[in-house]
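What follows is one chain in structure tokens, specifically the form predicted alone.
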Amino acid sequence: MDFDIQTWISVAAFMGGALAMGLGAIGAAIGEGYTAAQANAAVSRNPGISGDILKSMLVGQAIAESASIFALVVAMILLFTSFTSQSYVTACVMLSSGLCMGFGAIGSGVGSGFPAGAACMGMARQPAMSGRLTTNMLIGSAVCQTPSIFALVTSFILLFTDFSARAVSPTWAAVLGAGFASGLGAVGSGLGGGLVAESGCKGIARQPLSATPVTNVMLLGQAVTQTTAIYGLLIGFILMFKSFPATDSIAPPMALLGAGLCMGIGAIGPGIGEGFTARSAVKWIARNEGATADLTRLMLVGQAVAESTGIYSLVIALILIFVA
């Protein structure tokens, strides 16, 4: 059975939409479930403020849901937009866009559930700090969503940029690599940021007087965890916007696809590892505020070492793009 280009584009758009929503549903559902589980534990601990805990749970779940809403938007565009082209590159673009947003939503969805659950438990322990805990949860969860926004931006650029004028090979590999770099690169940062925000909410509940230094260090720690997602976004942008000469060889396309996979996969571990480091620093600042400067310095050094593996991945990805 023979298929024309438009048929392949439609097939890729349907697959991309399915992958965007299928993968995108994973993180949000886990994050929301974790939030609800912690809310149940919080109500059991202090039934008298069940109303406040319920409100906090719903707000936290709504934020965790946003990553899957991004995936839903991309899926709907892929399913209901008529893409016309005479290039097989467009089919790869459709698939890459869905993969990018699907993977990109996982870490942010799960990560946003951590501070939401911790805020619910914190309210049960410190009802008087409900307002501050809600604020901290909102800030921390919002930062967790930034990697999924990077993935959304990449997906939109892929969908609304005309790649049909470029050579099929190696452009097909470049657009797929861009989706993997930005999508997979968002997983670790989303999870790591959530770990830090969770510790911030727990710290405020444990020692309300330490709220200011806890929040400040939490934001600093989260900022560092986002850097590897930025590396993924950078490689994605290079792969999308750089023009590559046409080739009949298989090596150049594989180099570009490998660059995207290298940066995407290589960003997962550093994002999570830096989250562990910052989570511990925030936790102990709440218990020993006088050691804030030393703990912050130790946190940054530890995160810098964990960051190095992400930088190695960035270097190899750049070599694959510009040298290999």
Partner chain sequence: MAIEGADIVQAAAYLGAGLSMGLGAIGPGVGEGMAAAKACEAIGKNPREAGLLTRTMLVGQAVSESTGIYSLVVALLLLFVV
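This one's a predicted model, so the numbers in the text were calculated from it and none came from an experiment. Numbering follows the first chain given and starts at 1.
Here the subject shifts to the form predicted together with its partner chain, a form of this protein not shown in this document.
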| query | finding |
| --- | --- |
| Whether A306, Y312 and L320 all lie within 4.5 angstroms of its partner chain in the predicted bound form by heavy atom | yes |
| Residue contact check: M15 to its partner chain in the predicted bound form, 4.5 Å heavy atom | no |
| Contact of I272 with its partner chain in the predicted bound form (heavy atom, 4.5 Å) | yes |
| 4.5 angstroms heavy atom contact with its partner chain in the predicted bound form for N46 | no |
| In the predicted bound form, C262 touching its partner chain (heavy atom, 4.5 Å) | yes |
| Among 81-89, 121-129, 248-256, 196-204, the region lying within 4.5 Å of its partner chain in the predicted bound form by heavy atom distance | 248-256 |
| The single option of A39, L295, I63, A286 touching its partner chain in the predicted bound form, heavy atom within 4.5 Å | L295 |
